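Below you will find one chain, with nothing else, as structure tokens; this is the form predicted alone, and questions on how it binds or moves follow later.
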């Protein structure tokens, strides 16, 4: 379905960007993104996905909002005690009246996942689930004031293949803002087909400097099974 007049007006400047246009914007509107985890990257990522025109955001985070909860500026005092997923859905609707935002429910069929785990182990478990479901996904890892973003198209080297030990710095709001916004951009590039090669890649940010590298499959990894045959380098 073509963009409405309201959508064209809202995304007018974005439609002019290289690799975008109406077809790409329609792909964003039709996307259904499952947002998992409550790490510091989830708030900025949610904001940018909603503002960019992703049509449906489903939040998979049943934990209650606590004073020390790490969803950043998305949550306020009135959210204390609420399920964090529901609070984030309300934040997404505030960010854009054109987005449908709700809790992720059994039977929902996302087109992609955004993984904002609170630790690499949590991210790895969710990313492996996405791989088995053959869903493209982007993983945001906050490490101190930086971190890394891993893009995993279907059939590409998996998150476990791409990762390596970080510095182990305590996540900060600055790192969450940097990594969360970058993760949202990477997911938008995957959804619209506007991603530059390599599509399967990891972007590491250290002291404000990004390093982009293509991911490579590790020998013996489970991601080299039938799903990957003929699809990944």
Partner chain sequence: MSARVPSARLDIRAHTCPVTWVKARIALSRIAEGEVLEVLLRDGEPRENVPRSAEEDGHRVIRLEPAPEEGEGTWRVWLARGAPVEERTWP
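Positions refer to the first chain, counted from 1. These numbers were taken from a predicted model, which means no experiment stands behind them.
Below, we turn to the form predicted in complex with the partner chain, even though it does not appear here.
A.B. asks: Here the chain is shown alone; which of 51, 27, 173, 189 has a heavy atom within 4.5 Å of the partner chain in the predicted complex?
C.D. replies: Partner contact (heavy atom, 4.5 Å) among the options: 189.
A.B. asks: In the predicted complex, does every one of 122, 129 and 133 come within 4.5 Å of the partner chain, counting any heavy atom?
C.D. replies: Not a single residue of the candidate spot has a heavy atom within 4.5 Å of the partner chain in the predicted complex.
A.B. asks: Even though the partner isn't displayed, in the predicted complex is residue 17 close enough to the partner chain, meaning a heavy atom within 4.5 Å?
C.D. replies: Result yes; residue 17 sits at the interface with the partner chain in the predicted complex.
A.B. asks: Please run the contact check for residue 213 against the partner chain in the predicted complex: heavy atoms, 4.5 angstroms, yes or no?
C.D. replies: Residue 213: no, not in contact with the partner chain in the predicted complex.
A.B. asks: Is there any non-hydrogen atom of residue 221 lying within 4.5 Å of the partner chain in the predicted complex?
C.D. replies: Because no heavy atom of residue 221 falls inside 4.5 Å of the partner chain in the predicted complex, the answer is no.
A.B. asks: Is there a heavy atom of residue 201 no more than 4.5 Å from a heavy atom of the partner chain in the predicted complex?
C.D. replies: Yes, residue 201 sits close enough to the partner chain in the predicted complex that at least one of its heavy atoms falls within 4.5 Å.
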